[in-house]
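One chain follows as structure tokens, the form predicted alone.
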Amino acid sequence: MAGVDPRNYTNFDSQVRYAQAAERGKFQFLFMPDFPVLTGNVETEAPMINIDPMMTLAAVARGTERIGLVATGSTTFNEPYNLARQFKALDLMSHGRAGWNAVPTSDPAIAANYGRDLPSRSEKYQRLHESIQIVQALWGSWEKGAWLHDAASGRFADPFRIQPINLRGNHVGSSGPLPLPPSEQGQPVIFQAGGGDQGLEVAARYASGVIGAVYTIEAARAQRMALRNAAERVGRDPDEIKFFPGLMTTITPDRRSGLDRRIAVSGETFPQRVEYLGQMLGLQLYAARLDEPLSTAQLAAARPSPRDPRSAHALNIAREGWSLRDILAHGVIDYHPVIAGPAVEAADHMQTWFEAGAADGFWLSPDVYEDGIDALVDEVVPLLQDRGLFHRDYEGTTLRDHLGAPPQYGLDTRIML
């Protein structure tokens, strides 16, 4: 994209600048995924979003004051002690703003990088449950008053209030204790990003925030309700768990300029996507006709695929008379809804979903960070604030404050396997 320095891939100063822009907009948290594998087409794009989530957020922590810092840490190829120490250290250095997205690994290429095969899904989730409980126990291995730091008496800590945990499951274990005291929020907040019954169970038991992957308002409402019901079944208040569906944004003065920008950013992938668009609509489509709209006969014959919830939206866009290239630029094959156009369209989308009980908030993915975050902050956020839907300033200092998550230190005694 014009104006973007391709060296930003290794430039932590750029990552800090983007975080500061989000903090200026009073965003509750940043979310860093992790891809420990070479992905994508490195001939034309960087292989991942960040070179390392924990290192990136450590830099961001020093350049920000309030915004939450959530990173992904897989339990499949990381030991609980390492995860507990890294995330607690980030929580301390950020003064209580850290969150851990606790997930298993599903990519065989990542497993190969660790010299392993992927375990079965059942084994991965057994290890995940054990890991979360051991990590939380390690986080609580210093009692809250254990750290004295009393220069007058010369006492640094009370050793009798620092205890080993001595936990071992079928897959992982740790003796502890962790050599780190509580943070301002006690310990990091647990997030979850994943699907299926086992992902739902993890979220219900441990998570305060869930990163959703849904395309329709109906699916979002159903997933949020399933999360709330599952949390209640294991003894938690359903309001403790917040569901964040995704929204991809290209904020521009009008729809045409938004589509043109999306074509400039990712249009080289469109010829390969035409065939799948045809499958979604029950038609045979050709890349050679990217700049043509569907004919009257094609529109009459088109049928949205019952196997893809995005298909109905794709057909509606096609019926508006857009070319195949423009239909794809609308994001009809993306995994989250796409807004390409004026800020009011993004604000309307979020308000509609929120008021329908389909979201507690949103995780936003702007097309180009260099100016896309500022567009959200300067154009979308004020609309939401004026409508009384979004706060005008942070009311607290920690991630738990931002999410309204209850205090927790160590294991949640209500939740036992």
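None of the values given here were measured: they were computed from a predicted structure. So that there is no doubt, residue numbering starts at 1 and follows the sequence shown.
The next section is about a form of this same protein that is not shown, the form predicted together with another copy of the chain.
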Just to confirm, residue 180 within 4.5 Å of another copy of the chain in the model of the complex by heavy atoms? yes
With a cut-off of 4.5 Å between heavy atoms, is residue 81 one of the residues that contacts another copy of the chain in the model of the complex? yes
Another copy of the chain contact in the model of the complex: residue 155, any heavy atom under 4.5 Å: yes
Using the partner position in the model of the complex, report whether residue 64 sits within 4.5 Å of another copy of the chain, counting heavy atoms only. no
Testing 73-81, 337-345, 214-222, 282-290 against another copy of the chain in the model of the complex with a 4.5 Å heavy atom criterion leaves exactly one stretch, namely 73-81
Suppose contact means a heavy atom within 4.5 Å; in the model of the complex, does that hold for all of 21, 297 and 332 with another copy of the chain? no
Would you kindly say which of 126, 133, 311, 174 lies with a heavy atom within 4.5 Å of another copy of the chain in the model of the complex? 174
So which of 121, 116, 256, 303 reaches within 4.5 angstroms of another copy of the chain in the model of the complex, heavy atom to heavy atom? 116
Going through 117-153 from first to last, which residues have a non-hydrogen atom within 4.5 Å of another copy of the chain in the model of the complex? 142, 147, 149, 150, 151
